[in-house]
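A single chain, nothing else alongside it, follows as structure tokens in the form predicted alone.
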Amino acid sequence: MWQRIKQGLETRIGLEDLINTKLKSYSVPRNTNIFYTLGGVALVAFIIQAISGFFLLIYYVPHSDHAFRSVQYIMTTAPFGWLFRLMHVVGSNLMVAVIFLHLLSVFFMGSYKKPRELTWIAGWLMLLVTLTFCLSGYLLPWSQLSYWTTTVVTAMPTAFPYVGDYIANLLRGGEFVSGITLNRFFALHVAFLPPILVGLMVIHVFLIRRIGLSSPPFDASSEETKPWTEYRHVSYPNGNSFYPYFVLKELYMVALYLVVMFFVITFMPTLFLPEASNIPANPLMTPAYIKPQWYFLAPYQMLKLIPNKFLGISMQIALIGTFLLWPFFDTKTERNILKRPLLLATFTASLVLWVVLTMWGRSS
């Protein structure tokens, strides 16, 4: 049976030639490390989110009168509903962590430099879309935690003069978080954001294949040191084949990702579901403590430290813009960050500051 299917594909699309030219003949640098696999792991994480989200949609009701009960039904009654919801919740946090690590490793290895500026921008836009995914999905359970966190977040645009109130009301569908907000966030989460993220992924992968994978700067190839004055595809005649060498490395890391996910689901199922997530939303009762998810804790704490709300939000937008366009600011040809003490110190200090603000935001 398998042989007949294989022969049929061979006759119609030249399967053997496709595998040889696109997988076996495609080479990657010999010194690639595990950080090169994080992009593939993020792709698998997104697929898991899409599949688990599809099963959740079967029972979820996007209405303020039924949303919380439908989520409780998923967790307690629907067959394997608890498993798909925990995979979705834990997976969203792990996916953000993987993308963070991917961008940090790309920065550390200088892989954002010419001609890969657009690849870097596409990656950053994917991170922003993923965070928007998390934000919009956070409200859907319609719990005390999700309701009041969304109330805090959607109030941020009001710091801007003239347009702030309009943006906040546009997000909420009124002056307060309500059932209209739930409908808008649901539409954003399941209909608007998925095609955008898929489109960015296609562009990201196209750029990587079109330009070629970058090699670590600590042992740069001759192609990487040539001045980039016109388009050329970076190839590695003495490198390792994409298949099976790199694919197997990707599979190992995907397996590790799944191990971490199911470890959290098995031994720490409430890690991302605190007590307030099991209480239905009550607009008339403000909880004593409301904190965003861990990936928003650093900007959250930064806003608490800066007394002027407009200044705090403006600084954060400026930081995002700086990181997004960083390849155009960093015009030095040296890719090895270990040979650039100032950049290495800035990178390390920024990372430490982000960790400190995150821990501070969690404990304060």
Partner chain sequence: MKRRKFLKSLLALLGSTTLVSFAYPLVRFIAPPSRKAEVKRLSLQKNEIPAGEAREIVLNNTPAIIINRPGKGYIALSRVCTHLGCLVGYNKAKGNLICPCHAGIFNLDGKVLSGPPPKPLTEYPLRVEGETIIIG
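Positions refer to the first chain, counted from 1. Worth saying up front: this structure is predicted, and the values here are computed from it rather than measured.
Unshown form predicted in complex with the partner chain; subsequent notes refer to it.
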### Query
Which of 43-51, 296-304, 324-332, 56-64 has heavy atoms within 4.5 Å of the partner chain in the model of the complex?
296-304
### Query
Within 4.5 Å of the partner chain in the model of the complex, do we find a heavy atom from each of Leu23, Tyr236 and Leu248?
no
### Query
the partner chain isn't shown here, but in the model of the complex which of Ile279, Val152, Val163, Leu271 has a heavy atom within 4.5 Å of it?
Val152
### Task
Only one of Gly81, Pro216, Gly173, Gly212 comes within 4.5 Å of the partner chain in the model of the complex by heavy atoms, so just point that one out.
Gly173
### Query
Given that the partner is absent here, does Phe186 sit within 4.5 Å of the partner chain in the model of the complex, heavy atoms only?
no
### Task
Although the partner chain is absent from this view, report whether Ala97 comes within 4.5 Å of it in the model of the complex, heavy atoms only.
no
### Task
Find out whether any non-hydrogen atom of Ile203 is located within 4.5 angstroms of the partner chain in the model of the complex, and reply yes or no.
no
### Message
Would you classify Pro244 as touching the partner chain in the model of the complex, given a 4.5 Å non-hydrogen atom cut-off?
### Response
no
